[in-house]
Ligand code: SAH
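Just the one chain here, laid out as structure tokens, in the form predicted on its own.
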Amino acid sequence: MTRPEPALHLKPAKDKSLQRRHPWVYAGAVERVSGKPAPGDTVRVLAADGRFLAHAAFSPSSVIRARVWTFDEAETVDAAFIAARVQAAVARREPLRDGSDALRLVFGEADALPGCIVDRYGAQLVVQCLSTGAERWRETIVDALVAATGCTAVYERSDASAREREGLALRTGPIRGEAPAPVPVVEHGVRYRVDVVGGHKTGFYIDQRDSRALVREHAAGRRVLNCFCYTGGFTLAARQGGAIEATSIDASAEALAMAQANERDNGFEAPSTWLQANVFDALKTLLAEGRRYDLIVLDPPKFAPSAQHVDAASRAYKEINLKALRLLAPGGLLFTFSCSGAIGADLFRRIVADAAVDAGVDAQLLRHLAAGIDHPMAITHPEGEYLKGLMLRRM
């Protein structure tokens, strides 16, 4: 006799989000679990009346109790299914390779591979398995990536806090090949070194590629201030665009050393100013010194890792934007960002507007900014929209 497939049975009226094809099942929506699924096993998600809703990866330790693989009951989640999803995600990015050899190949739920992130730096792949489902199919995913890209060097950076929330231990190291030295990449003519072993995220902020290009387009003849500069992405884009002066601030000595190496690699004639400092303190000092800039970039780390941190994060975002607006010369441009998923686009815009009011300046909103198109968002999964930005002009 065939053993019934494990299933999550939802409470009455808790199937509405799945009916709208949202890919997460929260623990509070689950009435009971039938069968004995292990972490990462595929389970059937059933409505209270027994109707099929989805096949999903089970995660017993997470608030997100299951992540949907497919809403099609006829599909079977097996190695061929996972490999086909990987191959399709890679194929969708193929037209985007012109102009940069740093590219996101797989973006979790947006590519129907929840919890799986894959970035490509030249011939080097970097993989993050951040959910039990991605962990369960890790080897299949890697094999499919190698087959789809021809890359034989694969490094794992499964060291984000999301993995711990899934009940998984952190893990890093080579999966295929050896641990790489910093990997050289070129983005719109600017050369960068990417530390995939010890750098932020998978080594580089690929998601800001379009915004770096926009900064480059507007940098000519401007004095630039880049805050939370990391390895100098926005700074070097501004230098390439003709900035006459660039000051960059970061708290990390290691990041600044890489930034200066990146600057040397690009052969810019006069070196930039690189300051190792707390940005909040540095902005206060620059104001006291009467400095003025024509273009300022604020690209801070995630101030709100969860909803509990929204109030404190809002105050932090307001403080840095207020100071930046005061440092900005009339006619100057401010590129300001939040990568906190808990800070929605509307809230972020209100925070920056309040900062302008308190700074006593008038500003025009020129553009809303977001991650590049290799970081798509599933239209039924708004949580995937984490990066938001504004391009402002001080009047």
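Keep in mind it's a predicted model, so treat the numbers as computed, not measured. Numbering starts at 1 and runs along the sequence shown.
Although not depicted, the form predicted together with ligand SAH is the subject of the following passage.
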*Residues in which of 127-135, 284-292, 85-93, 225-233 have heavy atoms within 4.5 Å of ligand SAH in the predicted bound form?*
225-233
_Contact assignment for ligand SAH in the predicted bound form, among C151, A277, V142, A110, heavy atom within 4.5 Å_ = A277
*Pick from R163, R212, K323, R120: which residue has any heavy atom within 4.5 angstroms of ligand SAH in the predicted bound form?*
R212
*Do P180 and ligand SAH come within 4.5 Å of each other in the predicted bound form, heavy atoms counted?*
no
*Does D299 reach ligand SAH in the predicted bound form if we count a contact as any heavy atom within 4.5 Å?*
yes
_Can you tell me whether S252 touches ligand SAH? I mean in the predicted bound form, with a 4.5 angstroms heavy atom cut-off._
yes
_Test of understanding: in the predicted bound form, would H200 fall inside 4.5 Å of ligand SAH by heavy atoms?_
yes
